[in-house]
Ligand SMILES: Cc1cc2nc3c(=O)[nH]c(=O)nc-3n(C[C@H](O)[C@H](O)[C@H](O)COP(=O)(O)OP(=O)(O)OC[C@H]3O[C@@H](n4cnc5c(N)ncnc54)[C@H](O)[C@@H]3O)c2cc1C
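Single chain ahead, by itself, as structure tokens, in the form predicted alone.
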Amino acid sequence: MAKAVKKKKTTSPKKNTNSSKKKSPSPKTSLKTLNVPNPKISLPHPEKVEAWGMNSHSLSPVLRPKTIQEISDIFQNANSHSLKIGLRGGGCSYGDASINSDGIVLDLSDYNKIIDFDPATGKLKAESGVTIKQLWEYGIERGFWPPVVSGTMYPTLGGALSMNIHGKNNYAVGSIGEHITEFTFLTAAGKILKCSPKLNSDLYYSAISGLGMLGCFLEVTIKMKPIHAGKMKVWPVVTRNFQEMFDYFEKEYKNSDYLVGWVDAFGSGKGLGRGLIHKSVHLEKGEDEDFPENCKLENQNLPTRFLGIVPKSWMWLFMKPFSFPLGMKFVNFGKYLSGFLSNNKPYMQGHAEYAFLLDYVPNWKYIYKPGYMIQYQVFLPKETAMSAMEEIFKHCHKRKIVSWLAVFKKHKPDPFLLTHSLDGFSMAMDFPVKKSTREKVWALTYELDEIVLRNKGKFYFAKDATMRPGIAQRFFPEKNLKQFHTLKKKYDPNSILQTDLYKRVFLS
């Protein structure tokens, strides 16, 4: 089998304008200072490390290794001197999943080379700091696309695997972990192991979805998806309530490569759950006359200007005047009505344009300032999903705290230990939070937790900012949690890997 020449370096990805991450003033000295064999270890000056939703932060020393040896040295010193480490990739988790208030943050975004690619099999080998952006930009001109992508292109492979991310095609292809053929893994105890579904399988199925609590992904091999066109065919479909949205998903999911629903959470009565679905299908070989020309990056990258004039980095400023409940009610209703203009009229759309909706408006989260946001995402089995979602939305109306953005997806189960996925549906809801409303918003999520748990639902750690101690024990099978804690003791005997999320959910 012919293989492409190995690539040791790739063009550095463009800076993520959505990222709140700040570079250390002296990243080159941090590793040297950490390696001083002295119990009193000198660390770089602490810097602000913030959740993507701006709802929590820490002031932590941040280390940015570029090699396996540097990562290994940090783990060795942490074990020797009882340091606590929190792993961080693109910093795209909405809550505190990559924040460590009581120790070091190990930022792996500079460990980011694509190592090898085999066009005959589609297998791509990369360092774990490689982003989804790097994957699709590398693959698309070669006729490949990542099998699973999130709504933003900036998560790293290591972060994506730690949270076992899903996409708009989860119901068809599963989570990203199901497309990883193997990886090398540095356990917290310092061993480097090769893992696959057959080799060290206990670690394979637990590190993927393991919140970064067992060790660090090093080199990852992912099977890319071949594509035969630079665009996909998309159908926008208006639905007048939850019933119509559920019915459409159940009718069309076998005929769709991707399905996602936007929901106007302000709708009530007969309009409860009204929204707009976008169904997409890949074109077959020969259907796209412009292929492969339209797969060039200049034809796939998201435009940087709105209408070719206004920089998109300014667009959040135009959205800001509507960032209050009545304003967002108007915006949501306007979006719903505009859907009728294109209802069931298919059009062609580029892969990146369809996939990365959250990157369309850089820094859109700033509309929540001077407050911040949380995303509360629930996963519900198909038997109870619709009635539970109706109850959730009605309860939000009752409490007068309505989601400003709500997104609906269909799912299937996967085999990973701490998986959020199931045979059913999810709803992701963005809520604004101010200092004066925090207690009310958190109280609302606690009430919604009970609705979800009563309906046999689950939650997603990549989005969570509010989960209380004891909740995870109510939705994960007991045997899964026992196995996770057993593996934690085995691979991290000194418990050096911790994050604020892990401490909040499992240690409080």
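The shown structure was predicted, so the numbers you read here are calculated from the model rather than taken from an experiment. Residues carry their position along the shown sequence, with the first being 1.
Just so it is clear, the following notes concern the form predicted together with this ligand, a form of the same protein that is not shown.
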The one option of Cys396, Cys295, Ile165, Leu417 with any heavy atom within 4.5 Å of this ligand in the predicted complex is Ile165
Picking from Arg274, Lys409, Lys125, Lys133, the single residue whose non-hydrogen atoms come within 4.5 angstroms of this ligand in the predicted complex is Lys409
Please run the contact check for Leu211 against this ligand in the predicted complex: heavy atoms, 4.5 angstroms, yes or no?
yes
message: So in the predicted complex, is this ligand close enough to Tyr460 to count as touching (4.5 Å, heavy atoms)?
response: yes
Ser150 within 4.5 Å of this ligand in the predicted complex, heavy atoms
yes
Could you tell me if Val263 has a non-hydrogen atom within 4.5 Å of this ligand in the predicted complex? no
The stretch from 234-242, 82-90, 334-342, 189-197 that lies within 4.5 Å of this ligand in the predicted complex, judged by heavy atoms, is 82-90
When this ligand is considered in the predicted complex, the residues of 354-389 having a heavy atom within 4.5 Å of it are Leu358, Trp364
